[in-house]
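The chain below stands alone and is given in structure tokens; this is the form predicted alone.
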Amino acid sequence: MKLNSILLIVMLLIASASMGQKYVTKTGTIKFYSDAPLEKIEAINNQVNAALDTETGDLVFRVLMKSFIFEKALMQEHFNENYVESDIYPNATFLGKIINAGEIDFKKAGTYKTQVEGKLTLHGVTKSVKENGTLSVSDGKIMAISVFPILLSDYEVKIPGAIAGKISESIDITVEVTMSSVN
């Protein structure tokens, strides 16, 4: 896990040639939720790596898929083996940018609306995404929050025919990370 954090920071530094302030975490949270006739499905992952360059708005997330925790062990097993195929596709990543970073005063405490766009890679499929979120700056830390839906079919995640229509084909993803300065 330490190597993953180092790789994440190196990726951000390479992607950004500027001398902007860098913020990172390796304990961010991603939750997902799906409600359908058969069953409500929820999972949480508290081992999310994230990095932000405030000068450029460059933003990177990396999540180990096997780190999602479910209420039921069988759901977790099916998630990893049958749906996201964690042995083949161990990570999900987001490489993007806060497109309105120039409107945010990262040195001033406050809450700011953000627009983020980039490439989300999940289950070996990369798609462009654009979402809204909120950044809160306080006590030298930056907290980022966003909630957005994805369609499983967009990422070639298959729902077995026996339960098709009983499990939602879309999931709501909630991202919450609190990043600290590394400069």
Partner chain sequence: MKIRVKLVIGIVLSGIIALLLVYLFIYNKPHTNYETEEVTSQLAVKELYHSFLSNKPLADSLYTGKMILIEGILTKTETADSMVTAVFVLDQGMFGDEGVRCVLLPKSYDLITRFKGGDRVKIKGFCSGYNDTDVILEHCSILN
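It should be emphasised that the depicted structure is a prediction, and the values quoted were computed from it without experimental measurement. Positions refer to the first chain, counted from 1.
The same protein has a further form, the form predicted in complex with its partner chain, not shown here; the description that follows concerns it.
- Contact annotation: its partner chain lies within 4.5 Å of heavy atoms from the stretch 47 to 55 in the predicted bound form, the single such stretch among 117 to 125, 145 to 153, 47 to 55, 131 to 139.
- Proximity of Ala36 to its partner chain in the predicted bound form falls outside the 4.5 Å heavy atom cutoff.
- Although the partner is absent here, Glu103 sits far enough away that none of its heavy atoms falls within 4.5 Å of its partner chain in the predicted bound form.
- Its partner chain in the predicted bound form is not approached by Ser168, whose heavy atoms all lie more than 4.5 angstroms from it.
- Remark: Val60 counts among the residues lining its partner chain in the predicted bound form, judged by a heavy atom distance of 4.5 Å or less.
- The partner is not shown here, but in the predicted bound form the stretch 74 to 88 reaches within 4.5 angstroms of its partner chain through a heavy atom at Leu74, Gln76, Glu77.
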